[in-house]
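One chain comes next, on its own, written as structure tokens: the form predicted on its own.
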Amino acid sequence: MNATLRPARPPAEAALIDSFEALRNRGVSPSREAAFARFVERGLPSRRIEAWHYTDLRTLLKSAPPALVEPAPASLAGALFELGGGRDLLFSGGALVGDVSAPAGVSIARRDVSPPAASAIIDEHDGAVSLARAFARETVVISIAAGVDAGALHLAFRNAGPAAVSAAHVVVSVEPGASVTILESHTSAAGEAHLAQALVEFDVRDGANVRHVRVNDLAPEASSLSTLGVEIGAGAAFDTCSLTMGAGVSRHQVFLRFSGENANAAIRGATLVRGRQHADTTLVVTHAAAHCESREMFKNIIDEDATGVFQGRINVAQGAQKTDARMSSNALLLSDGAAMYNKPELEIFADDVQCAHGATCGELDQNLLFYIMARGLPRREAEALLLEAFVAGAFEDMDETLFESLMEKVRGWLAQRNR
């Protein structure tokens, strides 16, 4: 007797496959089909994959909503960043909506979802990447002309209306000598179990200067899969900072590569989670050119029964001499049920480098807490003061306005804890 064997798929994975079938009936590009085929072959990432060992989506994602067919109306009302003057780009369900205008020296174009570059920085077999490329409706390309100081642009990703699977794909090309600040905010409607995906790629050319700030403030019912890919040219600078507070399950992963000499990058962030939230930050930083510097620093506050994950790997290629790379992850656990997994790694094939990594995990310093309480502050307020100072270390050297915007979100989270 002949029988066809089909792999057993968890409910969320089966739902995602059904959702793509519904989109296929409306027509999808060959590159989306190829990404979907990669996803079907491997399925949702599980603990059997080393890079996903602490974030088993087959277990964490109990179900998946249907794919978004048309973007719902959305607005910038209440956004953390509102720049005005055509500098706010509003995405609803992953698609760019509304009037799009660009400042001088900046062009914004919509294209069919683009296939990955031949020398891909991002791991195209990664489950989150395959899903994002398969479900993205379009690729939005933002180009900054050579030598232009473009100021700040805000990418506002809103998920409104019925719960759905959505994905956004944005490519930012920064020509030689140009500079830009990209502010990225993610929000969703309360009570809606969205699966929000984002794939943002930067091509930072020689001598360019880029600052990137990302805030995840999705509703607790939502899930978030976000990937940042960055290629840095000679003499360029790239600074990215993330603040993660939202989504019941989230993973933000960064793939960054130095392709030219004398470049530098700072990768920083803070994670604040409570309840049963699960937040994962994963970095792969590749030094493929000599005389480059990278700094990675993350602060984590884990409360109640939440779980935090930090995985960071620095790869130094054989010819990348004079590399200077430092990585650190610090976590504070505020309850007995809180959990934190730290996994820093170094893989070095050059012999003239300075590389270091470190990770700490503990509770609030009781001596400092006693000192502050002895000055008259109640325990909760004293704890909030120490926690605010702890997180602020991740936002050092930031523009004062941006710093205050992020710290205001942190204070709001701490105020909720004090209730």
Partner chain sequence: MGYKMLSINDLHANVDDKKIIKGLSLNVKPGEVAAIMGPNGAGKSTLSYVLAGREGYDVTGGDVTLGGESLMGLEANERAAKGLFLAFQYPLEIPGVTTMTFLKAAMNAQRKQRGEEELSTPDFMKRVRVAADKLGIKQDMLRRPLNVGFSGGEKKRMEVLQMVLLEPKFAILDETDSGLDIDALRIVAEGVNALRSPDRGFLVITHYQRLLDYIKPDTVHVLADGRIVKSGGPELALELEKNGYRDYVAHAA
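Bear in mind that the values here come from a model prediction, so they are computed numbers and not experimental data. Residue numbers count along the first chain shown, from 1.
Below: the form predicted in complex with its partner chain, not depicted.
Think of it this way: in the predicted complex, its partner chain has a heavy atom of just one of A51, M373, A356, A34 within 4.5 Å, and the residue is M373.
Among the residues P30, P378, G27, G362, the one placing a heavy atom within 4.5 Å of its partner chain in the predicted complex is P378. Segments offered: 380-388, 346-354, 56-64, 39-47. Contacting its partner chain in the predicted complex at heavy atom distances within 4.5 Å is 380-388.
The closest non-hydrogen atom of V69 lies beyond 4.5 Å of its partner chain in the predicted complex.
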